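Have a look below at one chain only, the form predicted on its own, in structure tokens format.
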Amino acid sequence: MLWVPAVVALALVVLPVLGLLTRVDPTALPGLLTSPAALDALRLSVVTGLISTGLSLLLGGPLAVVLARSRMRGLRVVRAFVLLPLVLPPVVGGLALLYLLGRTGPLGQLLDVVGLRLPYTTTAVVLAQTFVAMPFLVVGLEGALRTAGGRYEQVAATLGAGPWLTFRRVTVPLLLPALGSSLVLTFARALGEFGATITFAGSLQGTTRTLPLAVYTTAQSDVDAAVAMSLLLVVVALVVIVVARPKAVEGQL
């Protein structure tokens, strides 16, 4: 009996994607995908996605360790704020970034004094992607830290290893599979980010117009080109997920 709702659920996900294929002319697809607008958007999406994934690792990795290992009071509240971008509409995140780092925002005014303006720049794209994607990395690493490694760390400690040596030689190797899965999911989420990016960074070809923004902008004037870009985004996302085979997606995390 479970097959019926399972098939319906799968069809609900797969059929709309397959529907894109019925809308575009296969012979026109190469020309549409190699247009300057599509290539610029793809390049910007991949570059900013990689940078935001690296930034998520640099900042979110230590945050996951603190959340998993710390016993400080109020940790539940801190975790709620960390997970907030997962449930917030992305456009709300974009507005929050804009009113913090924009010219009238408290941090934006300080940056403006030294001649640094972030909104509507490529840096703003990276910040928006990091804002919405970093929680995926934090959640994955924190879960792995809570379920694996504690006993081995205790053994290492009894053998005289200090906290830093234990972290490097015991904790980090145990976390590598979960780290890989979390990085893949973080990159995939950054690649598909739309709401926060268009609110905080705008849509300027070659500077802030990533592939999702290019799909939205192009759809208003050329539906076929927008569908072709959508298919490109689907293919890139599937390659990232299928080739990397994240264990979190397969339920092995």
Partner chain sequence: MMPKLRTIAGALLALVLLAGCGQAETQQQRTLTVLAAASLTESFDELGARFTAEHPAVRVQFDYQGSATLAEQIQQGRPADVFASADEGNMAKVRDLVGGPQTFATNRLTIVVPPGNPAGITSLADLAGDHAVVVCAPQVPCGSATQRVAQAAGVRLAPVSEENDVKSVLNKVVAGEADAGLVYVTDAQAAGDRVQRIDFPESQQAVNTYPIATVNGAPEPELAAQFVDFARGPVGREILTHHGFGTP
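Positions refer to the first chain, counted from 1. Keep in mind it's a predicted model, so treat the numbers as computed, not measured.
The discussion below concerns the form predicted in complex with the partner chain, not included here.
The partner chain in the model of the complex comes within 4.5 Å of a heavy atom belonging to residue 198.
In the model of the complex, no heavy atom of residue 90 sits within 4.5 Å of the partner chain. When the partner chain is considered in the model of the complex, residue 221 lines it closely, a heavy atom lying within 4.5 Å.
Although the partner is absent here, residue 35 sits far enough away that none of its heavy atoms falls within 4.5 Å of the partner chain in the model of the complex. Only one of 139, 178, 145, 98 comes within 4.5 Å of the partner chain in the model of the complex through a heavy atom, and that residue is 98. The partner is not drawn, yet in the model of the complex one stretch among 59 to 67, 211 to 219, 38 to 46, 182 to 190 has residues with heavy atoms inside 4.5 Å of the partner chain: 211 to 219.
Residues 50, 152 and 169 are none of them found to lie within 4.5 Å of the partner chain in the model of the complex, as judged by heavy atom distances. Counting a residue when any of its non-hydrogen atoms is within 4.5 Å of the partner chain in the model of the complex, there are no hits in 59 to 89.
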